[in-house]
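The chain below stands alone, shown as structure tokens; this is the form predicted on its own.
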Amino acid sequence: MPSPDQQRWLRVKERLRAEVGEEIYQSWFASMELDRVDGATVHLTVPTRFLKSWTLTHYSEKLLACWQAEAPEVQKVDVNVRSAVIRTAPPKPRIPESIESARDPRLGRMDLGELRAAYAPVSSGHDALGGSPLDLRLTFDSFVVGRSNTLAHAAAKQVAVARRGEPVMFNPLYIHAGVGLGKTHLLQAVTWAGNHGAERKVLYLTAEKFMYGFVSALRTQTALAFKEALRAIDVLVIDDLQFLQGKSTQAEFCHTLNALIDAGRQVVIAADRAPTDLESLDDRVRSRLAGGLVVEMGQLGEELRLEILKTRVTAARQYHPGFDVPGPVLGYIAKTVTHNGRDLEGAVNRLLAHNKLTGQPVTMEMAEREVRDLIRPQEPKRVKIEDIQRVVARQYNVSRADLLSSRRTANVVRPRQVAMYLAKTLTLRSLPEIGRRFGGRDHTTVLHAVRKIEGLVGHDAMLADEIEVLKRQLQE
């Protein structure tokens, strides 16, 4: 019988799973364990320093909030690395905190087939090349095209149908969008299409898989074979590039990217933001990525959401012939569930489960009840620091270069402070990140600017009005 603390931990994990989704939960929380609860402090453990660093940096507040929902007396959540001596089974390989600690002695060689066999996950078909697992459903046939993704779909299709030896039109092809808008679907569709023909070798890797493969190659002295395996690929597909960490890993990725492009091989990449917004990446990598075709996939419009729902219902009906969703119900879901495609699929799954488990037909009342938690407030437009700099420079009749320069004249200092203030209030960027984007300034300079403008707007009506005008222009 689990202890009361373990029972609470199980409930906390279910809250985490519901809030962050299954994919993120499996990546960062599945291996997390409860060590003990000491007064108002919860002590958790993870198997690697990388996981500790990542969860504390990105999810510490969410962990604390989920614990406080179950135990209001908890004031702090501490995460530590489990000692290797207490493990009873070999741990699942994870990426270390930094591959800087992975020494690179004289690099040995390994047969390419052996490397691929050691590097291959359990998946269907695609594992022969050592790629990340593929979802059988994510093909071009199942992708629903609409106004927000037409260009991305057309570019991906062009890449997929190209033949070996033909001139590469878009290289790299870089697709970026928010969560659940179809990036992974397109990348896996390119991979499936390429691997169905024997002419080209197509490899699909997540950024995490790339990091793990490189670190493993360093540790097993097979780095040269690892590089040769990657550079023998005709089409390299990299997903979730925003998770690529570590200077050595990024350097190797940059070398691989350059080698493939210079050799006329195709590279396809997806991330959750544009190349210029990936502050964690080296400038050389961002520059090379921006030199290809960069395509943004926008939010799903209502018409596209309705088509996606119809497609999902049709697919479900192949396995459950009696499943039927009336048109008005589909219209209601398309109108109210607006966040992303995964929410739409979740809505269909809920209706299907209710219909099959209870035997009741799908009605509007059922739909309203089942999807109410998927109806989220519309997200505001994502504002970029470059947009802020451009709009502020235009408003105050200075150049963007002036805002980034070291000039201290009054006609430049005030617009620069306003731009920094807007960057802090309208984006999720940290003070150090904002400082880097404003000519490499220290975070204390940004903090001073933010506090200065906050103090002025309280009694300077003209400045307050100017800032409101700027905010409206940026959010339109």
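Numbering starts at 1 and follows the sequence shown. Every value quoted in this text rests on a predicted model; they were computed, and no experiment measured them.
There is another form of this protein, the form predicted together with adenosine-5'-diphosphate (ADP), and it is not shown here; the text below is about that form.
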property	result
Among the candidates 398, 160, 138, 71, the residue which, in the predicted bound form, approaches adenosine-5'-diphosphate (ADP) to within 4.5 Å (heavy atoms)	138
Contact residue in the predicted bound form, from 261, 274, 144, 77 (heavy atom within 4.5 Å of adenosine-5'-diphosphate (ADP))	144
Option from 358-366, 177-185, 222-230, 286-294 whose residues, in the predicted bound form, bring a heavy atom within 4.5 Å of adenosine-5'-diphosphate (ADP)	177-185
adenosine-5'-diphosphate (ADP) contact at residue 341 in the predicted bound form, heavy atom, 4.5 Å	yes
Partner proximity in the predicted bound form: residue 149 to adenosine-5'-diphosphate (ADP), non-hydrogen atom cutoff 4.5 Å	yes
4.5 Å heavy atom contact, residue 308 to adenosine-5'-diphosphate (ADP) in the predicted bound form	yes
Interface membership of residue 252, adenosine-5'-diphosphate (ADP) in the predicted bound form, 4.5 Å heavy atom rule	no
Contacts with adenosine-5'-diphosphate (ADP) in the predicted bound form, stretch 214-251 (heavy atom within 4.5 Å)	none
